[in-house]
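What follows is a single chain, given as structure tokens, in the form predicted on its own.
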């Protein structure tokens, strides 16, 4: 039987927060998950069926179904995150760099904010410019309720902290042209080849 001290230690290791304290900048959110992969479909249901409106970094309002017929590489982040989220974006950029121009015409990259209160279109646009994200990248925010619904559908754990940051899962999702989650990678990746191969597999099946 585990003692309360042991249980507390295990729980404290499961989540490492993205805090804005300068001393925490080098710590990665949820680093316990870095080696876990979960390929395959989650439910078989399309995210395009969700009745949600999102606002992009360009100030446009859209629904997820507008990404129909494209392979979507997506992740939930927040722009004030200084450790884990930039690493997620870096992994996604490496996927982008590995694809040909022809392949990229059928792929888009989507960053869904878990912090709609602070991630205004202007803030998201500044983040996109800072990280060199091109026209195939869309950053979006929605209402608090839609944000949490999306997190639940994607299987992303999100917990808001008193300092304004979040504890959260680090997951890259690949959706097919019908909006079905077909592949998920949990944590950070030194080798993005499996993700690139997954994108190509679903491109070939379209």
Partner chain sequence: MSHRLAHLGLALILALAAHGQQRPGARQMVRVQGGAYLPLYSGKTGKTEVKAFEMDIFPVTNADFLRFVQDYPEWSRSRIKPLFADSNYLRHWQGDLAFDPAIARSPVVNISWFAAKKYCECQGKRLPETAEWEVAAKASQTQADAGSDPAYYQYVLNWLTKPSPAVLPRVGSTFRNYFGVYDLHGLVWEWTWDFNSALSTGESRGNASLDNTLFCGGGALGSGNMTNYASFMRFAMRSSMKAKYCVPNLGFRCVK
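Positions refer to the first chain, counted from 1. This one's a predicted model, so the numbers in the text were calculated from it and none came from an experiment.
Missing here is the form predicted in complex with the partner chain; even so, the following discussion is about that form.
Residues placing heavy atoms within 4.5 Å of the partner chain in the model of the complex fall in a single listed stretch, namely 153-161, out of 66-74, 153-161, 53-61, 134-142. For the chain shown alone, residue 47 is a contact residue for the partner chain in the model of the complex, at least one non-hydrogen atom being within 4.5 angstroms. When the partner chain is considered in the model of the complex, residue 149 lines it closely, a heavy atom lying within 4.5 Å. Under a 4.5 angstroms non-hydrogen atom cutoff, the partner chain in the model of the complex has residue 167 among its neighbouring residues.
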